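Only one chain comes next, encoded as structure tokens, the form predicted on its own.
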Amino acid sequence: MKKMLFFGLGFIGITASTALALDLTALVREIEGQYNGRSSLATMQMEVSTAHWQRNLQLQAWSQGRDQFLVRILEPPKEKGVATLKIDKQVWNYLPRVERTIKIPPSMMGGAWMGSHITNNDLVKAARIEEDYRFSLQKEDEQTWTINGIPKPDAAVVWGKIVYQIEKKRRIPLVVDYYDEQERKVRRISFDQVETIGNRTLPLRMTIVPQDKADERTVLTYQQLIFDLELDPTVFSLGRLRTP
């Protein structure tokens, strides 16, 4: 038997048992943290296409939980050594050509990283979406859940709404849409190339498309991903940010 439940965006027909049993906050936390693990080491390719130029970057990234993260550009030579470090809620960029370390203020976390359609916040996962948003089940079918995230009243966030489409069977994201404060869709991230690594099943490619420039995109592909390895604590330090 179905009941009509109110979730803030209208009456949606879903089973009452699903609404009660599904912990939406835990599910979003799982999706947002799928590439972290206790620790991780990743090699990635980033392809950026805009109306005026294209750029291909080779990246290497290390993480320890959700509070420590370092990513460094390996190629091309012109950008080699550019790096971003996150420790807790603090983020720095290092620019080797001018030998300068810049601390990124919260107001710039929504800015583009290296001319891509990925923000500084996306890159280092500085925001904890599941803490700053309230979630409701917009709809579901046999294969997917569609979940709305609306900012909590006092949350300092970039997005006015986030909508997740999640595959039930493998509990992986298919599409995430991001909206501004006027609820206009700003960008879409699509996920594919799903593989199993250890005990994790996750997409190894994500495509970010700005909605006002549909011919532009950034494609981030994980070429290697290792979880739960022992990392030297000095990896996440300003010294290692400057020196590979």
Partner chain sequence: MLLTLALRNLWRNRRRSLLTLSAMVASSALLILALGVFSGMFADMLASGTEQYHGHMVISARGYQEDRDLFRTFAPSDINLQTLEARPEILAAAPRLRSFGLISHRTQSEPAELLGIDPGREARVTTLSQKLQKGEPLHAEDQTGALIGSGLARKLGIDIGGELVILTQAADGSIGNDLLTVRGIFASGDRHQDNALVLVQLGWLRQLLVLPNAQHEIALRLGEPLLAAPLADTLATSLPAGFEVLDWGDLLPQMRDAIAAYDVSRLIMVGVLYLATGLGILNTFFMSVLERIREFGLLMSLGVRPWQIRLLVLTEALLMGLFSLLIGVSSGLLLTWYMAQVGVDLSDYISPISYAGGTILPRLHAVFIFDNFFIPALLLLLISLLAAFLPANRAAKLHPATALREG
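Only a predicted model underlies this, so the values are computations on that prediction, with no experimental measurement involved. Rigid core: the largest C-alpha set superposing within 1.5 Å between the two forms. Positions refer to the first chain, counted from 1.
This next part talks about the form predicted together with its partner chain, which is not shown.
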**Request:** With heavy atoms only and a cut-off of 4.5 Å, decide whether Arg29 touches its partner chain in the predicted bound form.
**Result:** no
**Message:** So in the predicted bound form, is its partner chain close enough to Asn148 to count as touching (4.5 Å, heavy atoms)?
**Reply:** no
**Asked** Does at least one non-hydrogen atom of Pro105 fall within 4.5 angstroms of its partner chain in the predicted bound form?
**Response** yes
**Message:** Considering non-hydrogen atoms and a 4.5 Å limit, does its partner chain approach Leu74 in the predicted bound form?
**Reply:** no
**Item:** Any residue of 60-91 that, in the predicted bound form, places a heavy atom within 4.5 Å of its partner chain
**Value:** Ile73, Lys78, Glu79, Val82
**Prompt:** Core-aligned, does Asn93 move its Cα 2 Å or more between the shown form and the other one?
**Reply:** yes
